[in-house]
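Below sits a lone chain in structure tokens, taken as the form predicted alone.
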């Protein structure tokens, strides 16, 4: 049984989508962001770190900073309601000021802490890129700054945006959504040939208005742009589309979470049928290892996998020459993902991964064009949404 999208959508035929939304509201209930951390609390947290350092020096002891091991799976617990989150009593590592190996990092942490302190005091903001370029020779490279900022956020138990460090935005959004930015600018994300860039201060946006029946997270910008060109948002109106252009940046994840907290609208993902695409979906849904200390603000376990499913490849009889063999790296990633804690509670995901592993093939979303140039927007997505083709 199939249907195609030819004009404005008659939503009366999408009963399974309506039922899914009703079940989400029952299961998850009203959701809200946690209370804001005040500037005073941020300043006090930094002052406490500095006080400990001064106390150590007064005792003629070398100061030490203690950081949680953010990259250790042993420090992570999984719950279906939150996703991957750091345990309260996790293993730590010491950054000593008297050790030649760790002293440079100790100094850089203090340097960035002092910059954060001044920004919070003066109510100014900077990106991690801005911080790096204050002294590129001192910091060495951007990744060092990125890691230290995350370490500080984890150490202080304060979200990065409350430290007045903004993320560089790469994500885009389109569709049935309007909101007001912190400076009063009104934004209307009407779906057209262009999209709106995800705001750099998601925390500050307000007056969000939408009648969207669903939100579609699209893995790749090329697919997102193709759907815009096909006028998908208007044909399946009202809906919202968002892309993180690959692995999502923090602002894109924060915006998806804010949309979920505000509207409790069903959220679906459209990813390539490959290990990388599955992993990106998992970041949106359950979070990532490195940012597990912020899971409460970022994850949306209610997200569902709409496509492209490995089982769709055979079901739709996609041509073999449109498929790509799994590389050794793909196979290793797939093996690793099948052992992750969230797969145990997702038997349908596990089955899809097993199909991929057995076929030793992967497919990009663009493989659907082998069926017809507009198959994705005209047939595939409408049918998936109409007949409950998500897992």
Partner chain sequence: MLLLQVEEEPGELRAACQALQSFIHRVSLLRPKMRFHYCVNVQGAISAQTYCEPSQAGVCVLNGTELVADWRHYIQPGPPGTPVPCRKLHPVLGRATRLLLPAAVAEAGISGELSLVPAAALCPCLRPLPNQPAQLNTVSVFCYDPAGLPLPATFLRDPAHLADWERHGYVATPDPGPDPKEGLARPDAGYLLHRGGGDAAEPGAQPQTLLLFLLLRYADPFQDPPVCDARTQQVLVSHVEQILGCSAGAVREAVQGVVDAALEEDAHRQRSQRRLCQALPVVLEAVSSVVSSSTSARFRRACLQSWQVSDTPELVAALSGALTGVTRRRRLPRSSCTDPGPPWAGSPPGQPPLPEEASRDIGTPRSEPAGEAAGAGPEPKQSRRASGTPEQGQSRDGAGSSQDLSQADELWLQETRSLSEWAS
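Model, not experiment: these values are computed from the prediction. Positions refer to the first chain, counted from 1.
Another form exists, predicted together with its partner chain; not displayed. Remarks below refer to it.
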Considering non-hydrogen atoms and a 4.5 Å limit, which listed residue (326, 323, 53, 37) is close to its partner chain in the model of the complex?
53
Identify, from the list 260, 117, 132, 78, the residue with a heavy atom within 4.5 Å of its partner chain in the model of the complex.
117
Taking 67, 144 and 146 as a possible spot, do all three reach its partner chain in the model of the complex with a heavy atom inside 4.5 Å?
no
Residue 100: heavy atom within 4.5 Å of its partner chain in the model of the complex?
yes
Non-hydrogen atom contact residue 246 with its partner chain in the model of the complex at 4.5 angstroms
no
Can you tell me whether residue 110 touches its partner chain? I mean in the model of the complex, with a 4.5 angstroms heavy atom cut-off.
yes
Can any non-hydrogen atom of residue 58 be found within 4.5 angstroms of its partner chain in the model of the complex?
yes
Can you say which of 41 to 49, 344 to 352, 362 to 370, 326 to 334 gets within 4.5 Å of its partner chain in the model of the complex, counting heavy atoms only?
41 to 49
